[in-house]
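Coming up is one lone chain in structure tokens, specifically the form predicted alone.
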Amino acid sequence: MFSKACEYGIRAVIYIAQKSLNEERASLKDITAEIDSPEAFTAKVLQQLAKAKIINSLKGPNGGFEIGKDKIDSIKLSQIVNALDGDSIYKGCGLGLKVCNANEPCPVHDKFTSIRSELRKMLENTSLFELATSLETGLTYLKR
């Protein structure tokens, strides 16, 4: 459903938010170890997220990645997805056909339309704070 970049991006931002809630910065090495992702690829993803102003990137010996505490509750999962994958998740065909719409539907078009609608609602209504705190309390995990 999401690109690999988006999957790593979501996991990284949740981890960075959790660290930020504890007034800590996350290094690239810490992030990649915690979310089990390749370092070079994750660095590029984090660069995109910093450019989209979802995370802050600080250079230097005390640098790393962080998110302002006041911003964590206002960031929605949809913002992370849009920054990395755009809105194609809401528009693409469930079977990957180039032309798929209400006039020329694929076999799963109608069912997929309702799934996409529910997915959009979930992404737009899920805050980063909610995800970071469930991680903090041990209710959820970023790697197995």
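Everything numeric here is computed off the predicted structure, so don't read it as measured data. All residue numbers refer to positions in the sequence shown, first residue = 1. The term rigid core refers to the maximal set of C-alpha atoms that superpose within 1.5 Å between the two forms.
There is another form of this protein, the form predicted in complex with another copy of the chain, and it is not shown here; the text below is about that form.
- Not one of 76, 85 and 90 places a heavy atom within 4.5 Å of another copy of the chain in the predicted complex.
- The closest non-hydrogen atom of residue 19 lies beyond 4.5 Å of another copy of the chain in the predicted complex.
- In the predicted complex, no heavy atom of residue 39 sits within 4.5 Å of another copy of the chain.
- Residue 105 belongs to the set of residues with a heavy atom inside 4.5 Å of another copy of the chain in the predicted complex.
- In the predicted complex, at least one heavy atom of residue 112 sits within 4.5 Å of a heavy atom of another copy of the chain.
- Partner proximity in the predicted complex, defined as non-hydrogen atoms within 4.5 angstroms of another copy of the chain, places exactly one of 25 to 33, 45 to 53, 61 to 69, 93 to 101 at the interface: 93 to 101.
- Contacts to another copy of the chain in the predicted complex (heavy atom within 4.5 Å) from stretch 5 to 26: 7, 10, 11, 14.
- Residue displacement note: residue 109 has its CA displaced by at least 2 Å between the shown form and the other one (rigid core superposed).
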